[in-house]
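Shown below, as structure tokens, is a lone chain in the form predicted on its own; questions about how it binds or moves come after it.
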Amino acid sequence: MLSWLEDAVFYEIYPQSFYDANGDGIGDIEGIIRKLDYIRNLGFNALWINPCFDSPFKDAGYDVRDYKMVAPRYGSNADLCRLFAEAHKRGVRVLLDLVPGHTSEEHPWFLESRKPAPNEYWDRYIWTDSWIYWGRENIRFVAGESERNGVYIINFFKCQPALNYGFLTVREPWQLPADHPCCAATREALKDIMRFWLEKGCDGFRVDMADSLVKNDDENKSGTQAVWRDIRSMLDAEFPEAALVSEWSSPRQSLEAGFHADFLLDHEGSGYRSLLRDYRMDAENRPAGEDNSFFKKDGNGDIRRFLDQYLPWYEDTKNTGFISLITGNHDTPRISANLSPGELALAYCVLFTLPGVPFLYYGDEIGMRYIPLPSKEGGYTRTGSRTPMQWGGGKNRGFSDAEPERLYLPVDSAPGAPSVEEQEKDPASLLNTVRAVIGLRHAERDLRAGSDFSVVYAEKGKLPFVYRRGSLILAVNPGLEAASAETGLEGKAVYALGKCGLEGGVCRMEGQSFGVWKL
């Protein structure tokens, strides 16, 4: 395990929308630098920055055209190196977003790969051996786009051709095994990109679609796991302090593959989703119908739906790496879409005190709202979660001095839209609750990522939820009615949100409360 992750609390930044320092309407690296003190003052000691590399931006930067060049709209390579240095001065680590499974269709590698004559990059991507292909492998492809006599496999959008890490099971003449020299060359090219940024001060990578590399992979993703174990060996030898965090949402596989941490995502039916987003979405990606999220005060949430999935994963992986719980990210609806500020506060109290390495998405600390908008840069319904950060009540909510029509996305102009400036003045604000809970996490060693965890009380359909981290007992009652649980424990109060107590062997909690006690 990586020791600095034990006390890491991450803040995710979508750079387009965080802070515009040069007045062109788009967030930039200089803007991030200017807000580092704000981030550190909240208690965050690590950043994850969404892709900031050169790109046509057909998928908001997840279509990389040059992995070694910062997109000019954000600044320069020198600016990014200065961000690393300024963050490190404040004790803040920085992860970049690595996209290993595909590139932009405008990447020089792909422009060479699509040529009719074989060349060095011909097998850097996955091409069939004929311009007619009937999809026998049940994988997505694009035809009619090049002079080459073949069609190419895509990893996501049409503009994102899949890099070639090989096939676990070869079934067609054009497929290469994962140990083929051309597939090895792809792995080495990825290592070269990682070395480039690590040598400049980057502290590691969050890896996009980390499980998507080897095709025809088995249920355990053993081919893709082997690729990552090879990469982890390089990191352990050359950059032992570098972190790898995966977008995989299967910690048994990802941590075994060499990742230090893995996100739990809000996939349909997942335990994580049952905590925060257990509702049907309408055409505008807004909550519709019954909401049974655990943190919904008037819903019918059940903590067992989360724990029944989470606990086996935790027990199987607690000695291998960390599970990362997130408030949200650039791909998910903001949880303020269905949870009130009070409900958000309780959710954050739990997310930041469970085991693992937590992540907060920019703006979630003030309860920024989801704004239905037309698609921008391939965002589609995700676009509404990517609006500019709301710093204050002035022009463009303090995000930019540009005229509103020049902004990357419009700001939330509705009356009562939350802002940092407003919430800093209110000791009971969501922002200050986030600050207090993260401060508690840093102050109490028993709340570190790998400290002991066990469930004290979690009955199906009942409240409260009570759990233990080392010498600390924590409990939450997200419901409206008072609730209690026999624990056989007594403790001294350390932190409370709402009215609650732990004495006489009973945990008693008023509705909408959270408490921490030391045994």
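Since the structure is predicted, the reported quantities are computational estimates derived from the model, not experimental observations. All residue numbers refer to positions in the sequence shown, first residue = 1.
Form predicted together with ligand NOJ: not shown, discussed below.
With the partner removed from view, the residue among R441, R382, R124, R304 that has a non-hydrogen atom within 4.5 Å of ligand NOJ in the model of the complex turns out to be R382. Of the listed positions (H330, R187, R277, K318), a single one reaches within 4.5 angstroms of ligand NOJ by any non-hydrogen atom in the model of the complex, namely H330.
You can rule out all but one of 463-471, 447-455, 59-67, 484-492: in the model of the complex, only 59-67 has residues with a heavy atom within 4.5 Å of ligand NOJ. A residue is said to contact a partner when one of its heavy atoms sits within 4.5 Å of a partner heavy atom; Y408 fails this definition for ligand NOJ in the model of the complex, lying far away.
Residue contact check for H107: none of its heavy atoms lie within 4.5 Å of ligand NOJ in the model of the complex.
Under a 4.5 angstroms non-hydrogen atom cutoff, ligand NOJ in the model of the complex has M209 among its neighbouring residues. A residue is said to contact a partner when one of its heavy atoms sits within 4.5 Å of a partner heavy atom; D266 fails this definition for ligand NOJ in the model of the complex, lying far away. In the model of the complex, F156, Q160 are the residues of 155-188 with at least one heavy atom within 4.5 Å of ligand NOJ, listed from first to last.
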